[in-house]
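One chain is shown next in structure tokens, namely the form predicted alone.
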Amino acid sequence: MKKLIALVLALMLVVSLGTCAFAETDWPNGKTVQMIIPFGAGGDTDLHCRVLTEMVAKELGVDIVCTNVTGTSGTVAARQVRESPNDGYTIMWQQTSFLIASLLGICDFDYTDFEIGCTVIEDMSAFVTTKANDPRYSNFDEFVQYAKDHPGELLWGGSIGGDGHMYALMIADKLGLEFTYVDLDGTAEIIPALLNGSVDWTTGVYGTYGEYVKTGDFESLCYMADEALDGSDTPGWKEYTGESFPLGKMFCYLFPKGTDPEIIKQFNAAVEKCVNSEEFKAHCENYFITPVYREGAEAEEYLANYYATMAQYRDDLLVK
């Protein structure tokens, strides 16, 4: 009988401890949450984060302050978040550039050194962007021919090791072109450089560069999507090459390692509701991006496959 009582008490203790371990946290408990954005204000990374995070903040009933921390393709922000307390009050909005930077060894850690919250957006709206009315070319065929006739002369401008750099290398490899790559820190430097002719072209996404095309300052020569996104006769990559472009841009939320899974679960629930809302879908449609929510094992598998696809271009990125 004593052994039976002891066994029952032991089982009750295990159940009790298990219940405590998985009890709901009081996060966010009215405290302000800091959202770290790894690039400066004005770009697509900043824009999409602020739009979605504002909706998530309302859903959670808490203040979320977005803070821009720039530098080295998103790795400065990533390091700051990685070293932050894992109490749920510091979260990072991240994108493709950080995965590329970690792949290249620009930083000594990668997305697996964080707790994955969820992935939320896919962006296939990148396009070859030049200053309008460049006398050397007026369409993509002429651009490609000029590049072939003048190897290394055309200057691509953007963040070395970022997603745009990878797109440029993919274009160069596929079409047998040679460019010179100029390192610029985000759109705050890229746009003026393109406008004043310091660089000849970039690989920009519609959310950032589309307005400049509308105003006539920039010209879109080829969309990386299968077809033009703006209803124009600008060729899509598939139309030009017969193949879909192999990689788009992704956005996700990451937490410091060791963050309570219950906190991530609560945050994710709010994000999922917002991502699937008509309001956010309208925002995505306006910028030709796709809302796709993934969490848990699905998000981990998605990021692993994404990383593996990028790894195919690692040597090119290191050399150039």
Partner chain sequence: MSQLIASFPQIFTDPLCYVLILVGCTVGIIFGCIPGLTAGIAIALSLPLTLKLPIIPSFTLLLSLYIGGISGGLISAILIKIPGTPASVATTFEGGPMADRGEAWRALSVSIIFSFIGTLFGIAVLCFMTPILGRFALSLGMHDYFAVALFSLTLVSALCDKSLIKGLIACGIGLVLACVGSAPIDGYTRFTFGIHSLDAGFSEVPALVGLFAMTELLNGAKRSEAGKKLASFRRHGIGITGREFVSQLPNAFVSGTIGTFIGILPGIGASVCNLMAYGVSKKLSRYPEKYGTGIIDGLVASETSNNACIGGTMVPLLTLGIPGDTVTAILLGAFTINGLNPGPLFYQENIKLIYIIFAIMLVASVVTFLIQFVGIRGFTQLLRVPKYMLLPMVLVLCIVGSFGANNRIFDVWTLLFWGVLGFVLTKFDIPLTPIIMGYILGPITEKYLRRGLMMSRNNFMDFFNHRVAAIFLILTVLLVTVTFVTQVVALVKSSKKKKDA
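None of the values given here were measured: they were computed from a predicted structure. Just so we're on the same page, rigid core means the largest C-alpha set that superposes within 1.5 Å between forms. Residue numbers count along the first chain shown, from 1.
Beyond what is shown, the protein has a form predicted in complex with its partner chain; the following relates to that form.
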Full three-residue contact with its partner chain in the predicted complex, heavy atom 4.5 Å, for G105, V199 and H283: yes
Residue-level question: is D149 within 4.5 Å of its partner chain in the predicted complex, judged on heavy atoms? no
How about K265: is it within 4.5 Å of its partner chain in the predicted complex, going by heavy atoms? no
Using a 4.5 angstroms cut-off on non-hydrogen atoms, would T180 count as touching its partner chain in the predicted complex? yes
Tell me, yes or no, whether E189 is in contact with its partner chain in the predicted complex, where a contact means a heavy atom of each within 4.5 Å. yes
If we test each of A132, V76, L175, A228 for a heavy atom within 4.5 Å of its partner chain in the predicted complex, the one that passes is V76
In the predicted complex, which of 233-241, 141-149, 167-175, 180-188 comes within 4.5 Å of its partner chain (heavy atoms)? 180-188
Contacts with its partner chain in the predicted complex, stretch 37-55 (heavy atom within 4.5 Å): A41, G42, D46, L47, R50, V51, E54
Once everything's superposed on the core, is D108 shifted 2 Å or more at the Cα between the shown form and the other one? no
With the core lined up, does the C-alpha of V76 move 2 Å or more between the shown form and the other one? no
